[in-house]
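Quick heads-up: the structure tokens below are two forms of one chain, split into structure 1 and structure 2.
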Structure 1
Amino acid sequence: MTNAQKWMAAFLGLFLILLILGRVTKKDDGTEAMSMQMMQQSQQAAQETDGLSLMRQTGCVTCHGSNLQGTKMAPALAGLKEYWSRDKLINYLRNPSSFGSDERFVEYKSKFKNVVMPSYNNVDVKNLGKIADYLLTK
């Protein structure tokens, strides 16, 4: 091989590598849709940890359990969207004693006789909103 031929070969090789790299890194619509989905999922996860960590900070977990599974002192917090709208739930957290004529609450009253769900009207409503959003996903 002459020097010129070697250079030609080197260039061809480089060209091929760049071509392949271009193919590999190019996103088609499928992968873009997938990364969108992944972003949404991680956003949702962030919201959930946000709500739960707020509940940890506020002390809800002391009574309701570290994973809100319920304890001897308070009921599990799950499936709440069946009973609460977002607004109503926020109102409840701010003033629980004005709710509670439901059968469910009558049962709670006898089951958790010595414990009262505290009112959280001193907590920023925005944070109560985040907590409510989180609870309504469970």
Structure 2
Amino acid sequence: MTNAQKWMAAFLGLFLILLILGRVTKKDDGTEAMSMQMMQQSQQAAQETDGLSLMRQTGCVTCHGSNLQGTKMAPALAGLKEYWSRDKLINYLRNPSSFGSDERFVEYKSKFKNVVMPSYNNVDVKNLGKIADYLLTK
């Protein structure tokens, strides 16, 4: 055995001893449950951030406003879960013109003249799903 191999074996042995000692002396005082809860909250915040950042990238805030409360060009994007399911919203984002006969969209066309909702069929469906998830929580 070479010196490098001896040092590597000693290092791995020390690592295993410390790992075993850490497991044996570990106390379960409920901090694991708290850390799991904190991880879930951070993941939810990351999803929201992802949805909002994707909306900024695709240009939604240009017409709907930076706070998504609507502008003279487009309606507010709050309370969408009353009218939309996740799949239906994704389909709308991919092809908005196919929803043109819906009563609400006829009203929007008269209120927001000469403004056309672009289709996002070139955006990855996973990203549209993140946007839809974000919008349905607003």
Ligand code: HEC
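Rigid core (definition): largest C-alpha set, two forms, superposition within 1.5 Å. Each residue is numbered by where it sits in the sequence of structure 1, with counting from 1. Note that the structure is predicted; figures quoted are calculated from it, not measured.
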The chain seen in the form predicted alone is the one numbered 2
Exercise for review: Answer yes if the CA of Asp87 moves 2 Å or more between structure 1 and structure 2 after aligning the rigid core, and no otherwise.
Suggested key: no
#### Entry: Did Val116 shift 2 Å or more between structure 1 and structure 2, C-alpha, core superposed
no
Item to check | Per-residue C-alpha change between structure 1 and structure 2, Gly59, threshold 2 Å, rigid core fit | outcome: no
